[in-house]
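Consider the single chain below, provided in structure tokens and representing the form predicted on its own.
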């Protein structure tokens, strides 16, 4: 049964990621579902806000601010975080978008982009090989033959990707690639205010995306973080946002944040790639596809 094979594959992805990260010294945290402040995500403007105990709470869109707070306590953390992002209904047709999904979110105190890129490559390959070894029957049932990869993965600068494929380069780059490929050095206007501006290259960020091959699109996204309050507030204002909306985060930065780097991996996209699935809705028994009716 197809659903059974996908559920088994999912279990191995989660177990493999936990196994790898525990071996790297990470501590798993419980996720945050409601928060007084959450990721701005300017490309997804709509959000869900609920009232309770005399204040407003956001359904978490990512745990970026909580990750930066957590590495004040522990040097390496990860969580499987439920995210709610009210994507436009037309994104249902991409096969890659859910409006409720799980993200493997991790952060490392005092890490550089290069260090978390290396970590990400080794994590992706570890889980790939675990699935190959333990899910042979499930992969046969899904008609999937997994590729073999050897890091390091190739890199392309954002500007080079745009020059070759245009601003919406992800799909074409993914389709043409035979291995995962890193996109690095996004311009400052292309990402959110918490991504760190390169001190040696003003106007560019110390960040990255990893793109799957075979047309499956983005695998992970992350980079180094801004951690000094004056720089964070300057970036908030530069993006036309109100610093008051991020008061709890700015108060934390005033107390002191560590330099850190990390990334998030969309778990359902990971499973879609590993299973060779045509639409991301197959990765969940109860999918939440933008604009589509839900039975349960």
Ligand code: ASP
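Residue numbers count along the first chain shown, from 1. Predicted model, so just to flag it, every value in this text is computed and none were measured.
The following text describes the form predicted in complex with aspartic acid (ASP), which does not appear among the structures shown.
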Quiz prompt | Any non-hydrogen atom of residue 260 within 4.5 angstroms of aspartic acid (ASP) in the predicted complex | solution = no
Self-check item: 4.5 Å heavy atom contact, residue 222 and aspartic acid (ASP) in the predicted complex
Solution: yes
Quiz item: Do residue 194 and aspartic acid (ASP) share at least one heavy atom pair within 4.5 Å in the predicted complex?
Solution: yes
Quiz item: According to a 4.5 angstroms non-hydrogen atom cut-off, is residue 39 in contact with aspartic acid (ASP) in the predicted complex?
Solution: yes
Quiz item: Ok, 85, 109, 113, 96: which has a heavy atom sitting within 4.5 Å of aspartic acid (ASP) in the predicted complex?
Solution: 85
Quiz item: Which of 252, 70, 64, 232 has a heavy atom within 4.5 Å of aspartic acid (ASP) in the predicted complex?
Solution: 64
Exercise. Go through 222-230, 139-147, 153-161, 121-129 and give me the stretch that gets within 4.5 Å of aspartic acid (ASP) in the predicted complex, heavy atoms only.
Key: 222-230
Quiz item: For the stretch 232-253, which residues lie within 4.5 Å of aspartic acid (ASP) in the predicted complex by non-hydrogen atom distance?
Solution: none
